[in-house]
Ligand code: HEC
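Let's start with one chain on its own, the form predicted on its own, as structure tokens.
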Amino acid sequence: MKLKNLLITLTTLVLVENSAKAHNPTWTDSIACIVYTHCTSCHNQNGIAPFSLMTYNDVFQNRFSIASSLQARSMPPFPAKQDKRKYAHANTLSDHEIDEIVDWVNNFAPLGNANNIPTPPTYSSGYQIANPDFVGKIPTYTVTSNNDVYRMFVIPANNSTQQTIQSIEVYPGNREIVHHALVFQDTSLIPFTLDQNDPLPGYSAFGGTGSPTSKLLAVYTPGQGAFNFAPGFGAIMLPNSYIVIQMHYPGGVSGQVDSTMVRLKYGSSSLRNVTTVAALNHGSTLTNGPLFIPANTVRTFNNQVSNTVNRTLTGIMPHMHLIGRSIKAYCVTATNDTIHLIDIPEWDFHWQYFYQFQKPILLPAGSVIYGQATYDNTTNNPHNPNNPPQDVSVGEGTEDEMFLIYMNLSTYLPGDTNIIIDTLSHFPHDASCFQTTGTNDYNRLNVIIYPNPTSGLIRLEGIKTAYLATIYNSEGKIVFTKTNETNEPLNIQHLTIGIYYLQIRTKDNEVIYKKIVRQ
């Protein structure tokens, strides 16, 4: 009898504890914010994703696949690990956000207060580079194959003098069919001649342009906006260059039409030149080549290059094809310190990025840069294009292989590693997260902010831990950040009169949002 009572008591305590911990998120109080921040840049009516997630009903209908994808961390796609190296503008979800969505799905996906439904973001045709110095548009092209298509288009840059590119924007003419694009510059007539000799607009090519003088400038992937070189840096474009853009159209879009645009913004000639080079490659730096993977084998290849002078590294992009399974790069200094650069444990050919670091990295003289890539040419690889597997060697075809790691490199100057590209601990939230319909806003810790409205100083009551304060304006742009260890007043006297949104993120990753009025 005593044992039975003890079991009942323990069961009751567990239920009470779980009840106390239970949180029932709704679409209106948190889920919409997460979806609008991390998902809808691709999952909108004109996006590259196969379905829209712009409304509650859209998400409700896909809720189980969404929860599964988030728990597997396959969505949003950001293949690089961030345990040893953080990257700029990384669209990744926190554990808390994933738990919110999973809890929401498990609790029958409640809508919440229908009067408080956040306004979804808009995806207009507006350009991010408002006043470009150069605009080039590929000829109207109709996809004629249901297989993957890689097409090169050549556009004269019309630059009689040398220019320094500060920003590049690839603006798809048809977002539904543009999987990714690579932008090169070239000073030879080779791409132009290849284009002229092909009866269709552009010419067919995979990987490179076919010209040894082509230099990679930028990479476009779905949901990406304009690519801005790190502050103080740019890419020199030689006089009389051609812009060569490789468009990748995925399988199953035959008959659809595209006319993608490239927009360039030039900067001061004082900007420091960034060169984009395949510092690690399957040719001169491969140590156990040649790159050849026999059928039904798994092989790992290594490459390395010595770094003879101090260099500043601002970005990195690995590249393999379909049977690649993992790839990584790191640097070992003369004193045997390891600098982690990139680690992609689950390679996916369809999600390739040019990763920028949150701050530039010094690759010191006397160091050695290493790369390692593993290829799986067996039936265990779901991306293997051949069944049964066939021998695979190096080449530019889809079913060939490559081992390239591109890097944005510049000559090092003291202070480079203090340049801030992006040090946010989390992807910036959509403006819908900052909407308010009452005095409490999104505030689970019951923090009180006063005075509000304020003429300059604000205080927080009810928070007992260090936190990061981030203030956004009504357009969702960050106007103030401060790490507050002692909960001292926040001084926002420099802000103009208006409405702002304060995000408080505690060291325990609890997040609070409050509207504040600067008067």
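Throughout, we count residues from 1 along the sequence that is shown. Under this definition, the rigid core comprises the largest set of C-alpha atoms superposing within 1.5 Å between the forms. These figures come from a predicted structure and were not determined experimentally.
Keep in mind the form predicted in complex with heme C (HEC) is missing from the figure; the text below concerns it.
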**Interface stretch in the predicted bound form with heme C (HEC) - options 450-458, 464-472, 488-496, 50-58, non-hydrogen atom within 4.5 Å** = 50-58
**One residue of A181, V274, L291, L93 in contact with heme C (HEC), assessed in the predicted bound form (non-hydrogen atom, 4.5 angstroms)** = L93
**Complete:** Among L409, M237, A205, M75, just one has a heavy atom within 4.5 Å of heme C (HEC) in the predicted bound form, namely M75
**Asked** Does heme C (HEC) come within 4.5 Å of any heavy atom of W351 in the predicted bound form?
**Response** yes
**Prompt:** Can I31 be called a contact residue for heme C (HEC) in the predicted bound form at 4.5 Å between heavy atoms?
**Reply:** no
**Request:** Answer with yes or no whether N46 is in contact with heme C (HEC) in the predicted bound form, where contact means some heavy atom within 4.5 Å.
**Result:** no
**Asked** Do K515 and heme C (HEC) share at least one heavy atom pair within 4.5 Å in the predicted bound form?
**Response** yes
**Request:** Enumerate the residues of 56-71 that have a non-hydrogen atom within 4.5 Å of heme C (HEC) in the predicted bound form, in sequence order, or give none.
**Result:** S65, I66, S69, L70
**Asked** Comparing between this form and the one not shown on the rigid core, is the C-alpha shift at N452 2 Å or larger?
**Response** yes
**Fill in**
in the predicted bound form the CA atoms of Y501 and F357, compared with here and shifted by at least 3 Å, lie farther
**Request:** Kindly indicate if, in the predicted bound form, the C-alpha atoms of Y56 and Y501 are closer or farther apart than in the structure shown, bearing in mind the change is 3 Å or more.
**Result:** closer
